[in-house]
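Starting off, we have a lone chain in the form predicted on its own, written out as structure tokens.
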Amino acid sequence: MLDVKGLSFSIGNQPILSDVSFSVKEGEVIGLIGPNGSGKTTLFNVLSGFLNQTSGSITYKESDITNLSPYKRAHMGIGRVFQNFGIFREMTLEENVQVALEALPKNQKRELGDLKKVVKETLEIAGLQDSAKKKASSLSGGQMRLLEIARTLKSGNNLFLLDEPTAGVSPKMTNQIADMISTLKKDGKTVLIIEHDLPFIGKICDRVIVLDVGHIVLSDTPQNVKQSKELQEIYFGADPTT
């Protein structure tokens, strides 16, 4: 589904990402973790085309997308949910979904059929059908996340980039977000998730990639990563007795 080779990004002489390489299989759910400043969101920005890499390549479904614009990557099926809510707060929930669907290429819209029906289905996926006519500003943070993920799903995407979907979300809503991501996996979708909530990552991810100062330092199962000495050193510092 995704193959990243030798990806680097610098601002002036300051490297942010350095020789990042990894592959993601179709249907995998991958967690991306690391301390603040490790390059996680920068990596998402490069993958989705909002930043141009200094070097390296990105292949998506056997197509080289290294130099494609963000909207072309979106049209190819790469969906992004940002850390800061991408919701139009003064629009109703129905209008928020409608806007996302109207932005699709004509052929995708034709395949969806009745857009009003799709809007209704999207809100049902998020459990927000009873608030369809309300402004998005009335939603809690967790409900906004659910709406964003469901809206991205209905936009025909196959690869999802979720940037801290549980940030500022209540424990109850965190469980609902986990359930929705599990539904994406059951539907054969591929998901990359930036998170600081390690129990959440352990619950839903097949594999975890650990970034530190722009480098991948570890890639393994959630259980092995949790028990790794490397992770302890990154977050808590080296053991002075060793």
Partner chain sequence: MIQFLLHVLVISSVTSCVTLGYNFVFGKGKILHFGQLVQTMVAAYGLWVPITQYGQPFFVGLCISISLLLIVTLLLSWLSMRLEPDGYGVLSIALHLIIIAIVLNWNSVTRGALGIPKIPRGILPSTTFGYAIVCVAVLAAWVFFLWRVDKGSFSRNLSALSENEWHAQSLGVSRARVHAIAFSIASGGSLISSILFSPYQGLLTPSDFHFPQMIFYVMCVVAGGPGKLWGVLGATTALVFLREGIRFVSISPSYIGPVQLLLFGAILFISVWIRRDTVFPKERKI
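Positions refer to the first chain, counted from 1. Values in this document were obtained by computation on a predicted structure and should not be read as measured data.
Although it is not shown, the form predicted in complex with the partner chain is what the next lines describe.
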When the partner chain is placed as it is in the predicted complex, which of 23 to 31, 202 to 210, 63 to 71, 176 to 184 ends up with heavy atoms within 4.5 Å of it?
-> 63 to 71
With the partner left out of view, is Glu102 within 4.5 angstroms of the partner chain in the predicted complex by any non-hydrogen atom?
-> yes
Evaluate Leu51 for contact with the partner chain in the predicted complex, applying a 4.5 angstroms cut-off between non-hydrogen atoms, and reply yes or no.
-> yes
Could you tell me if Gly86 has a non-hydrogen atom within 4.5 Å of the partner chain in the predicted complex?
-> yes
Give a yes or no for Lys154: in the predicted complex, does one of its heavy atoms lie within 4.5 Å of a heavy atom belonging to the partner chain?
-> no
Residue (of Ala167, Ala132, Met91, Leu112) lying close to the partner chain in the predicted complex, criterion heavy atoms within 4.5 Å = Met91
Heavy atoms within 4.5 Å of the partner chain in the predicted complex is the criterion; list the residues of 191 to 227 that meet it.
-> none
